[in-house]
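Starting off, we have a lone chain in the form predicted on its own, written out as structure tokens.
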């Protein structure tokens, strides 16, 4: 137990702060590089960037089935939205996470019912399996898939798998809790430096595409 407490205090204390520092610093670095690159090579973009068309595009692409592509692939649309909703909701509204934030920063907010977060966790795991099968089976997706894609999928799914196993006391609870925290920290650190960086760029990319289609081409991008 003493060994567990020592490891737990380390991964839930100093390592958490280190993960957040790397995540914030890495995110600032990547966004800064994006802005520098645009200013160096494509300053003309600023001439047609439009808040109206940016927001129009963003809103259409974050609403399920609002775009043609979403409607053409209903299974992938449902899978994608459940998966990403889980990624956004779970880190902040699981009761254990809310307690952790309170212990670290001294303030908290309401958490979601455990039965709900448990169901969402299971759904995210199922979505991860669907994504894995898709990359292994569909020829057009398999062709574009490399080892890093499987690595990113594992990094993303690991916090949910380990959290689910810990919550349901499968095997050693202490082992899964520590692995859950570590996997969450690995994911946080990986965001600025892997393909997960689309989480940082998505708003900028969608704003750019929406502005180009709306203000220049006078067409919809959905």
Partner chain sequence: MALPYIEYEKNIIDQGLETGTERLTKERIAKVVDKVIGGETGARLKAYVDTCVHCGLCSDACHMYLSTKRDPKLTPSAKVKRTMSVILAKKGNVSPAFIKKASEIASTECNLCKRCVQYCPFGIDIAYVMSVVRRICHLCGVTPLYIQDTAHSHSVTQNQMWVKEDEWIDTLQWQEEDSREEIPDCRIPLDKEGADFMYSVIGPEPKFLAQLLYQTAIIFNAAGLNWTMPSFPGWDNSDMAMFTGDSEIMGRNKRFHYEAAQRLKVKKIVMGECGHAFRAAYDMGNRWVSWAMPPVPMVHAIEFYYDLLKSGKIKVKEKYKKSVTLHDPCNTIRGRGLHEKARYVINELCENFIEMHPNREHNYCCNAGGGVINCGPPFKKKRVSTNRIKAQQCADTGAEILITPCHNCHSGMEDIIGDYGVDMHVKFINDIMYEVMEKPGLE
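Positions refer to the first chain, counted from 1. Computed from a predicted structure; not experimentally measured.
Form predicted together with its partner chain: not shown, discussed below.
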Check 65, 94 and 169: does every one of them have a heavy atom within 4.5 Å of its partner chain in the predicted complex? no
Can you check whether residue 145 is within 4.5 Å of its partner chain in the predicted complex, heavy atom basis? yes
Just to confirm, residue 183 within 4.5 Å of its partner chain in the predicted complex by heavy atoms? no
Does the 4.5 Å heavy atom contact test between residue 134 and its partner chain in the predicted complex come out positive? yes
Do residue 48 and its partner chain come within 4.5 Å of each other in the predicted complex, heavy atoms counted? yes
Just to make sure I understand: among 65 to 95, which residues lie within 4.5 Å of its partner chain in the predicted complex, judging by heavy atoms? 68, 69, 70, 72, 73, 76
